[in-house]
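Quick setup: one chain, the form predicted alone, written in structure tokens, and binding and motion questions come after.
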Amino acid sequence: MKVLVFGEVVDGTIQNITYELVACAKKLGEYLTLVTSDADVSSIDGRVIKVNAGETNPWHYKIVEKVIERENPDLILFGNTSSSVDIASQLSAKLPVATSVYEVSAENGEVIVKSLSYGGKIIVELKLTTPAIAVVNVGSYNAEDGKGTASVEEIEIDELGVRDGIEFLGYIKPEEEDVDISKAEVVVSVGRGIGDETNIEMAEELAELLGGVVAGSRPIIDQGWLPKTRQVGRSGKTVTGKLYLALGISGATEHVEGVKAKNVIAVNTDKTAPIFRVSRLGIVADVNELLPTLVDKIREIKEG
């Protein structure tokens, strides 16, 4: 099976989702990665087609379409991000597409994907007629497995004959500068159980001791206690670091969709809270009673 990975680049930087998709492709057969910008692609494992499309990195789908015609892949992998979904949706008029995918396999020449439906409440297994497209969720594969040494083939955009009238002007970034919780190794996340906005200070102190950042569930963001950039979940960001501390978060499906950290520790007064189903360690306790003791103990260990 031949797999084409769409490599996502933002501001000249290869995004982690690209490495995750390569890790997925390596398990399926022959694979290559398409990058449509003048970025440094040397860390991508395997064959890379690099289309020099100019400094502004146009995302127009015609480049992908031309490379698909040239390479004839059985499967094209996109990340479940706003930029990649935009291209995948334009290609869907010609190719079958599976979205919200978290696992891809191949059997007897067929592509089999597992996808989340109805907000993650139902797992759907699909067999796709090739060639096909799979849009894979962030955090489904280990990015480190997709890193290595690239064999690069550079192509000028004129060689592909791409003329679709689309010009990419640039990224519009939020005015408010903030941390990117999706890249943090340690995330201390607070939910309704924190009780009051002033109690977030204790979570911030804990995050500082652990070398992490503070995030929150949607109710916290909706109340304006933390900025939108700190929201974890379907309508926020996906966290994929080493540790996720869920403090007073019940664990609704929409929230859990954004939790892909290697280790999840949850604290909640409700022993039946859904968050415990995805946690490696669960503590039934009042967050506001536990946090001061936890902060003191960690500080004591670090100073002693």
Partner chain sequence: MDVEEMLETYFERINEIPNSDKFIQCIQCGTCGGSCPYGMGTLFTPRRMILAVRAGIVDEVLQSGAQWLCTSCFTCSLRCPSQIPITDAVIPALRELSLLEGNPPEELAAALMNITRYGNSFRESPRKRDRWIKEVDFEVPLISKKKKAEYLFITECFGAYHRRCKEITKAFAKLMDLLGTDYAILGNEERCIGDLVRLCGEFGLFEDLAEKNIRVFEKYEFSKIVTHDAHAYNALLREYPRFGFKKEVVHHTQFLYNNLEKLKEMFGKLDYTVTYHDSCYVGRRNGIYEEPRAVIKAIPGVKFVEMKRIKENALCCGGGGGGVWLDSFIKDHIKERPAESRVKEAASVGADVLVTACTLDVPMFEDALKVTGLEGQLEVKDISEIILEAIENS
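Residue numbers count along the first chain shown, from 1. Given the structure is predicted, the values throughout are model-derived calculations rather than measurements.
What follows is about the form predicted together with its partner chain, which we do not show.
Exercise. Where does its partner chain sit in the predicted bound form: which of 251-259, 24-32, 66-74, 41-49, heavy atoms within 4.5 Å?
Worked result: This holds for exactly one stretch, 251-259.
For this session: With heavy atoms only and a cut-off of 4.5 Å, decide whether Glu201 touches its partner chain in the predicted bound form.
Result: Outside the cut-off, so no.
Problem set entry | Arg234: touches its partner chain in the predicted bound form, heavy atom cutoff 4.5 angstroms | Yes, Arg234 lies within 4.5 Å of its partner chain in the predicted bound form.
Exercise. Does its partner chain come within 4.5 Å of any heavy atom of Arg230 in the predicted bound form?
Worked result: Answer no; every heavy atom of Arg230 is more than 4.5 Å from its partner chain in the predicted bound form.
Exercise. Does its partner chain come within 4.5 Å of any heavy atom of Asp222 in the predicted bound form?
Worked result: Yes, contact at 4.5 Å.
Exercise. What are the residues of 190-227, in order along the chain, with a heavy atom within 4.5 Å of its partner chain in the predicted bound form?
Worked result: Those in contact are Arg192, Arg218, Asp222.
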